[in-house]
Ligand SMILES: Nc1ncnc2c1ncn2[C@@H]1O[C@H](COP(=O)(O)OP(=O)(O)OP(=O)(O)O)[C@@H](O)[C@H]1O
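Shown below, as structure tokens, is a lone chain in the form predicted on its own; questions about how it binds or moves come after it.
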Amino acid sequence: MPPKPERTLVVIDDDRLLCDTVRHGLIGLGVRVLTAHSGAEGLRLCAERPVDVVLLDQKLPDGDGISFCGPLLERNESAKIIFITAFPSFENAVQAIKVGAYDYLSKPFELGELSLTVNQALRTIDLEHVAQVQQYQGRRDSDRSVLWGGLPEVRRLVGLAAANAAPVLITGQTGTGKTLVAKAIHFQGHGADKAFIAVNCAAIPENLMEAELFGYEKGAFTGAVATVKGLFEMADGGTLFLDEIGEMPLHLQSKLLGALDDQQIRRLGGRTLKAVHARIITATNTDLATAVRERRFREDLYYRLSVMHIAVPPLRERLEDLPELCRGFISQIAPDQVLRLEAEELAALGAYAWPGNVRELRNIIERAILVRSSNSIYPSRLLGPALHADQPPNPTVAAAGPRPLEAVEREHIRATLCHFNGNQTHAAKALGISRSTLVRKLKRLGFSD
């Protein structure tokens, strides 16, 4: 982890003794203190470097402190200005706040009071930064929730799901865009301005999953040194997206069912129930109906989660969407560049089986953009021998008529492993699951070691 950047505080005051006192008094805060004895000198310091906090005297040799507030914020817009004055008045305080001051201190002040005010200013900066990052992520997720291509039935069901708060189960092969469908439901719904919390149930160790979902109280177990909210509470008012729900352990399935029915959760080690109103969307690439018959998934939870069911088709069944998908990925990956994808390339891409579905297509487009030598890109050249005429057809494409989902999954995993020459780490990444989950699936589906 990179070291936390040093904070900088500038004192602008013609009282040199006060400047020295502040410098020595704030050593314990780990803040770099710079001093200036005029407004012009302070402006120069703030123009040369990022500044977090400014202590600005009301009376300076070259002007009134109020007049320097605007220019200081132009040079460091996120800086917090704390006015200091030996002539306090209500009018001065109001005027300082109006021109952008963060706080107001009267001389003489205690170093403890100053330290507390500076600490609060730094804390405010941190919280503003977190809020800006969250807003950016929300805008980015919203932008990426657009469904490209035809998918008329999926779009119809997404519209219906967005209009209510019923649980939704999204099924489809790995890489088909189930997470994108979940985001589309969230950002088209009434809670679009609330949190969208996504968690991969297969990526969390079984012994930690309950704490992650429901939170825990301080002292609930060894290492619980503080009270921590769970994902349900974080998603309150918004959406909790549980990907790979079929990997959730049985003992947690009953607790999830209780949370859905009662809209309440209890933290680990907690004694009280907390109301939560999170919209639940789940996704899986496995056949939950089969898992129910095999008693690996609770029947009552299955029906509770699948009030609405959206099946996302694999890419090989929607090849007419390839042009729009390619254009969309190019615009996402290289928004400021004009790149060409010739008709011959699209035809070549249409001849491929796409075992990794839309996710594989995006990765191929991104690689083609990175290795290009002109404004034209050639993603089909990165697909390897799968396009050769003597390549045997993909079993999942060649099979005629309906097949059990488990058989399709077995062949899909086999094709993906072949694509990566048996490398389980790379195959798991392309499938969108952890390597441990892939190993469990291989054993369940009867693959030999």
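A residue's number is simply how far along the shown sequence it sits, counting from 1. Not measured: the values here are computed from a predicted model.
One more form of this protein exists, namely the form predicted together with the ligand; it is left out here, but the text below deals with it.
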With the partner left out here, if you bring back the ligand in the predicted complex, are G177, L180 and V358 all within 4.5 Å of it by some heavy atom?
yes
Give me the residue from F329, F232, Y104, Y302 that has a heavy atom within 4.5 Å of the ligand in the predicted complex.
F329
Which residue among R267, R362, R298, K80 has a heavy atom within 4.5 angstroms of the ligand in the predicted complex?
R362
Taking the ligand as it sits in the predicted complex, is T282 near enough to touch it, meaning that at least one heavy atom pair lies within 4.5 angstroms?
no
Can E210 be called a contact residue for the ligand in the predicted complex at 4.5 Å between heavy atoms?
no
Can any non-hydrogen atom of L147 be found within 4.5 angstroms of the ligand in the predicted complex?
yes
Non-hydrogen atom contact E345 with the ligand in the predicted complex at 4.5 angstroms:
no
Only one of 156-164, 169-177, 256-264, 215-223 has heavy atoms within 4.5 Å of the ligand in the predicted complex; I'd like to know which.
169-177
Heavy atom within 4.5 Å of the ligand in the predicted complex: which residues of 189-215 meet that condition, in order?
none
What happens to the Cα distance from V439 to E294 in the predicted complex: does it get closer or farther than here, with a change of 3 angstroms or more?
farther
